[in-house]
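What follows is one chain in structure tokens, specifically the form predicted alone.
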């Protein structure tokens, strides 16, 4: 019997006997901060998000408003999304839109809690301008507004920044929804939008 197996079984026996082992020391020698700062953070985030097939645009506030107003079709937006971001056709989500209604819109526009440069990941925490999780999972197109000051370098930095979000649910998105569960063939849109457009707003 290997040492690891014996250790695992020993802990299970101890737990079942009401005598759980003490806390296990976890080595945390990994890097907790990024070396990137300023413009490099936004550049790395854009590079990594594009690698995951997201469309990324760098714009100022006026450019973001213009980009959103040019969207075609009816978009759902969170109830508290600022008026300046609204497209020509939109419907505010008051929490009562049925799944079939969300499935029928052209897309969704939200803000985000934070973005991670090293992984190209956007994190939603159901906070301001993000809405409930259903509106970001059912529409086939997600436009996400990422203020440049919300981009952090690493996952540990993001987790620290998100501590105030708990216990709200967190959604991590790296590119459009995709899976390779079926014979390793990439299929997009299985669990969420097939298209993700990111507007990085602000100079960096």
Partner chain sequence: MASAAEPHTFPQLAKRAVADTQLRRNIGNATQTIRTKRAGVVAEVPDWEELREAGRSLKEHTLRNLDRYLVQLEEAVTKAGGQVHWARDGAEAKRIVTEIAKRHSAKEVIKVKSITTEEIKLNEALEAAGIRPFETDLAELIIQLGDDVSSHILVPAIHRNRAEIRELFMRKLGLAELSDRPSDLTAAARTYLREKFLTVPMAVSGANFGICDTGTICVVESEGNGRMCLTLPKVLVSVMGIEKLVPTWEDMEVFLQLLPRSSTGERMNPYNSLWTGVTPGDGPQEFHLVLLDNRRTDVLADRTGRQTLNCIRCSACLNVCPVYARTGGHAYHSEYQGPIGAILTPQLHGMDEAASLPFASTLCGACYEVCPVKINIPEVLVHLRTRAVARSGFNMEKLAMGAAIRMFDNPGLLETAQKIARVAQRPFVSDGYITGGVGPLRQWTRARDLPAIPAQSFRDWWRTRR
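Residue numbers count along the first chain shown, from 1. Remember, it's a predicted structure, so these values are computed and weren't measured experimentally.
The form predicted in complex with the partner chain exists for this protein as well; it is not shown, and the discussion that follows is about that form.
Contact check for residue 74: every heavy atom lies farther than 4.5 Å from the partner chain in the predicted complex. Taking the partner from elsewhere, residue 37 is found to have every heavy atom lying beyond 4.5 Å of the partner chain in the predicted complex. In the predicted complex, residue 59 stays away from the partner chain, with no heavy atom inside 4.5 Å.
Residue 43 falls outside the set of residues with a heavy atom inside 4.5 Å of the partner chain in the predicted complex. Along 28-45, residues 28, 29, 30, 31, 32 each place a heavy atom within 4.5 Å of the partner chain in the predicted complex.
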